[in-house]
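The form predicted alone is given below as one chain in structure tokens.
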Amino acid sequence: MVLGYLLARAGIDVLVLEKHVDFLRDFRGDTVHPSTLQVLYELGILDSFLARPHQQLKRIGAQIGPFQVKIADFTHLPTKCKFVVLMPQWDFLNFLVESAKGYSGFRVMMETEATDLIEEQGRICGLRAKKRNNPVEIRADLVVAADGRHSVMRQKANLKSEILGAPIDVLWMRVSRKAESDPEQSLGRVSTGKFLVMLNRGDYWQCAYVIPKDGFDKIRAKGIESFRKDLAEVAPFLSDRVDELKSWDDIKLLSVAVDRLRDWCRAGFLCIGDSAHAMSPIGGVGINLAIQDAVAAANILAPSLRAGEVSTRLLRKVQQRRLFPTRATQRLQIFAQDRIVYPTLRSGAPIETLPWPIKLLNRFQILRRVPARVIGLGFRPEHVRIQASQ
């Protein structure tokens, strides 16, 4: 959607396909980081975005056993917005659509699922789709796959990925929130063998309960009551509400994957975001890394797209530009999930002391600028370089 906005702003005809009737997907990330807010500022739409209901996090921390710890401080970032915005992604997507409709070349086709690519003489020149089960054929100078970690389009393009591994999965659920007594923002909570992330969505908590990879069947075998007790143990203020989870139908499994395509493109075809590099949920940076891909792609490709054709050499430049940030971020995520999160889940011992890196962050405020920069800006943040068409 961001790429579509940027290209339409540059005077290029764009069609964005969305297979659902709306954007209401619980599994989409809610965090909009300072790097993304900077892009909105450079586009002149930041104030309109911030006028929508949202929350702002200037600092993040966690409850680790008996310890309340401070991890990142965004107030020193060299950006217009020195905070993370929490906003349901469906609101963000609706905002982008409304903003982009001001450009005559921008269109969104809802309830349209891409099913196959059209290839002629070794070049991708369009795609086939279903719109309410009716076949649709779309011709294009460039097809961009942004259809997530289970991308159909990258499979059809026969692009191979390198599996980097993830020893964790996530259980996704919601529990009601009491504004008068619950914390304003909870984020990470860790206790003996349990790891919970909570996002405040006004009248309810969106909860992500981290479990060992392929461990859901074992949890289910213990029964829903046992799972409710585990939730109440890691977040005691939810004790009077965990019975809102009536059955396992109220709890969804998100299978975590970390991978990266060897080649992000073919002639006439490009992958960005999770289609090119599935990210771990650690740090909540996936959506923001995808948006950085979109900005880089627009900067590199817009002039050639205006002329009606984009070379494979330019498509490779997008991968070259974004490969280092992707590798560096995934390397940190893998370190965190393998060395911190997974050992925590496997440990049955009570938490009596903090790891030394957390101790240092908690004690020295200046050190919290480092994780703030990694989470808030990432590696090699992108800026809007292309001018709006007249």
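Each residue number is its position in the shown sequence, starting from 1. For clarity, every value in this text was computed on a predicted model and none was experimentally measured.
Not pictured, yet referred to below: the form predicted together with a small molecule.
Interface residue among 188, 126, 284, 88 relative to the small molecule in the model of the complex, by the heavy atom within 4.5 Å criterion: 284.
Residue-level contacts in the model of the complex: of 147, 230, 73, 182, one residue has a heavy atom within 4.5 Å of the small molecule, and it is 147.
Contact with the small molecule in the model of the complex, judged as any non-hydrogen atom within 4.5 angstroms, is confined among 235-243, 301-309, 219-227, 148-156 to 148-156.
Residue contact with the small molecule in the model of the complex: residue 13 places no heavy atom within 4.5 Å of it. The small molecule in the model of the complex is not approached by residue 325, whose heavy atoms all lie more than 4.5 angstroms from it.
Using a 4.5 angstroms threshold between heavy atoms, residue 290 counts as touching the small molecule in the model of the complex. Shown alone here, residue 161 lies farther than 4.5 Å from the small molecule in the model of the complex, counting heavy atoms only.
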